[in-house]
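Consider the single chain below, provided in structure tokens and representing the form predicted on its own.
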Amino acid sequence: MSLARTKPLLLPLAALLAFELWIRLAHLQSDSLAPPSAVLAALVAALADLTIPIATRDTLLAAFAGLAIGSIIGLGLGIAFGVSSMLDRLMEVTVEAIRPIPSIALLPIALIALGFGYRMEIVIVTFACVWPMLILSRTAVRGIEPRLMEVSRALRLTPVQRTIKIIIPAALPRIFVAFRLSAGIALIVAVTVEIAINPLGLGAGIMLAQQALRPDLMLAYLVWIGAIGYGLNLALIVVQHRLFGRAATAGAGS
């Protein structure tokens, strides 16, 4: 590993070392803080006894299912609104009235309708993921070069053919940026639902550790969630650059 790649790690490692020394020298006893060495030990132990892997499976199952459903719904609506200005104007008030509602605010309704478990969590994650896909895919479709649409009309393509052959390929780099954003939201919302009410997954593990007065395990869960989020975003960035090259950077910056 080159020195240039290790430089970004120097500051967090130095901060962790300083925090470790401060806790040890101050002989701090806390229900909310733990030395990094204890957090690392708790993380290794929870990985070894499969507590964290099982919780990770539960969280990612709900997050990815909600992400997939929300992305499909948001993409379909975004393309429809981007293509049809009349439909966009017709639905503008409805969309702008529903979109600001926090997804977590739907918990009481979802709990009554669906009860505890995956279904409730998937519905909440789906609701959260629809909006970034809808808004950004609509903007992507509107930003398509007008000459491409003229070509599709000259070729007398049907709406379905136009969408498959012209609209989606032209807007795909920006749509992928929307998917990356939705993926992060899906993980955040899934963990939040588990912390708030759903007794499964990584969020529930955090709450159990807190109730057991295990700050080391609680922080270990937080570190693990951060690692999952970082790894997921990094994987999507790699895929984005492999698929779109320079268009990925252009799409992200638009």
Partner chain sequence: MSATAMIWRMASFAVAAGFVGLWQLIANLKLVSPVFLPGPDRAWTALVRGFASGDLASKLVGTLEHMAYGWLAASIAGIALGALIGSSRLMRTYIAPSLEFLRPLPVSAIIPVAIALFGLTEGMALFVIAFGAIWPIMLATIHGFAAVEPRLYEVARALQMSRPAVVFKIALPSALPDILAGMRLSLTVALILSVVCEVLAGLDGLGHWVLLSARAFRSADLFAGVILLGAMGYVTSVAMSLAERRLLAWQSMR
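Positions refer to the first chain, counted from 1. The shown structure was predicted, so the numbers you read here are calculated from the model rather than taken from an experiment.
In what follows, reference is made to the form predicted together with its partner chain, a form of this protein that is not presented.
- For the chain shown alone, residue 150 is not a contact residue for its partner chain in the predicted bound form, no non-hydrogen atom being within 4.5 angstroms.
- Residue 210 belongs to the set of residues with a heavy atom inside 4.5 Å of its partner chain in the predicted bound form.
- Using a 4.5 angstroms limit between non-hydrogen atoms, residue 154 is distant from its partner chain in the predicted bound form.
- Contact check for residue 102: a heavy atom falls within 4.5 Å of its partner chain in the predicted bound form.
- Only one of 139-147, 93-101, 155-163, 67-75 lies within 4.5 Å of its partner chain in the predicted bound form by heavy atoms, and it is 93-101.
- No residue in the set 16, 80 and 236 has a non-hydrogen atom no more than 4.5 Å from its partner chain in the predicted bound form.
- The listed set 188, 61, 54, 41 contains one residue whose heavy atoms approach its partner chain in the predicted bound form to within 4.5 Å, identified as 188.
- A heavy atom within 4.5 Å of its partner chain in the predicted bound form is found for one listed residue only; from 200, 46, 34, 225, this is 225.
- In the predicted bound form, 206, 207, 210, 218, 219 are the residues of 198-219 with at least one heavy atom within 4.5 Å of its partner chain, listed from first to last.
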